[in-house]
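As a starting point, one isolated chain is supplied in C-alpha cells, in the form predicted on its own.
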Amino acid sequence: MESKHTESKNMEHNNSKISIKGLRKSFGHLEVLKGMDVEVSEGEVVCLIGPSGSGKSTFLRCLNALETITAGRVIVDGYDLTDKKININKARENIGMVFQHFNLFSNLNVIQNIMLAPVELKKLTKEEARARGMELLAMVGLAEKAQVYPSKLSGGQKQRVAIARALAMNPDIMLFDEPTSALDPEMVGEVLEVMKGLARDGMTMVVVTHEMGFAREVASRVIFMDEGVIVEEGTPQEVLLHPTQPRTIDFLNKVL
C-alpha cells in the first residue's frame, strides 16, 4: 500500500481524507460554489443536504475533478486536484463515484460492467476481476444476476450494481450523488442498506442525499448547503434536530 500515491503527495500524515480550502466554481458568470472549506477524516460519512440548485452535486463533482475547479485548493486522498501536473486518472483510482442514473454500459452484462475498469487499468487479471466482481455482487445481494444485462434489472438493482462496480477498483473514498433520487420509493431501501453496510465497514463517504432518515442514522456529519455556501454543519443531532440557522430550519420544515 505504501507506493499507492507517490506523485503530488503533499499532505501531512494525518487521517484527513479530503481537505478543501476556499473552493469556488463558476460556470461563465454564474458562481455556483462561493468559497467552501471542508475537511473529511478517514471513516467519516458526510451527508450534504440542501435545496436543488444549491451546488451540492457540483461540489461532489469537484472532488474527483469531473468539474474544473475555479479557485481554492482540493486535496483528496493525498492528491492535490488543483495541481496542474497531477495525473488525474491516478488520483481517481482511489475515488469511487455513484451517480443518480447508474451509468451502466447497456451492451455489457452485470459482471462485465464490474470487471471492466480493473481489467482495463490493469489492476487485476480477468480471473481476479471476475472473482472480485462475484464477491461484490454477493455483498450487494445480486450474485444471481451476474450474467444479466442492465435492461433486465430494476432501478434498485442497477444502482446496487453501480455501487459494486465503483467498489471493484478498491477505492479509499466513495462519493454518492443522490443515489436514490431516480428510484421508485420501494427500491430506495435496498440501496440504502448497501450504503449502510459500507459505512459500518468504515468506508469514507460523501453523500449528496434527500434521504433525511439515512443522514440521521448513518452520517457522522451533516452539511446544509444553500446558494453555494455552507449554511450549517454539525452532527445529525445538531443539524437535523436542533438547527440554529433560519435557512436550515425553513428547509427542514419543508422536507421532514
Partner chain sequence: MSFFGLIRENGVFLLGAMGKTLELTLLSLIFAAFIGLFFGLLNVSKNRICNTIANIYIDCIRGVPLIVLAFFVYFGIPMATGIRLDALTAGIISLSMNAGAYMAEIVRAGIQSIDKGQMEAARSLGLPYGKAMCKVVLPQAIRVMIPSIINQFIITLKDTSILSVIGFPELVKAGQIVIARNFETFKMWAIIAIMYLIVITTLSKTARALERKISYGK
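All values derive from a computational prediction rather than experimental measurement. Positions refer to the first chain, counted from 1.
The form predicted together with its partner chain is left out here; the points below concern that form.
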Considering Leu121, Ala131, Ala138, Ala182, which brings a non-hydrogen atom within 4.5 Å of its partner chain in the predicted complex?
-> Leu121
Find the only residue in Ser154, Ser106, Thr125, Gln147 having a heavy atom within 4.5 Å of its partner chain in the predicted complex.
-> Ser106
Is its partner chain in the predicted complex near all of Val46, Val208 and Arg247, within 4.5 Å of a heavy atom of each?
-> no
Just one of 182-190, 69-77, 138-146, 90-98 has heavy atoms within 4.5 Å of its partner chain in the predicted complex; which?
-> 90-98
Look up in the predicted complex whether Lys158 has a non-hydrogen atom within 4.5 angstroms of its partner chain, and give yes or no.
-> no
Ile86, heavy atom within 4.5 angstroms of its partner chain in the predicted complex = no
Is there a non-hydrogen atom of Thr204 within 4.5 angstroms of a non-hydrogen atom of its partner chain in the predicted complex?
-> no
Its partner chain contact at Lys34 in the predicted complex, heavy atom, 4.5 Å = no
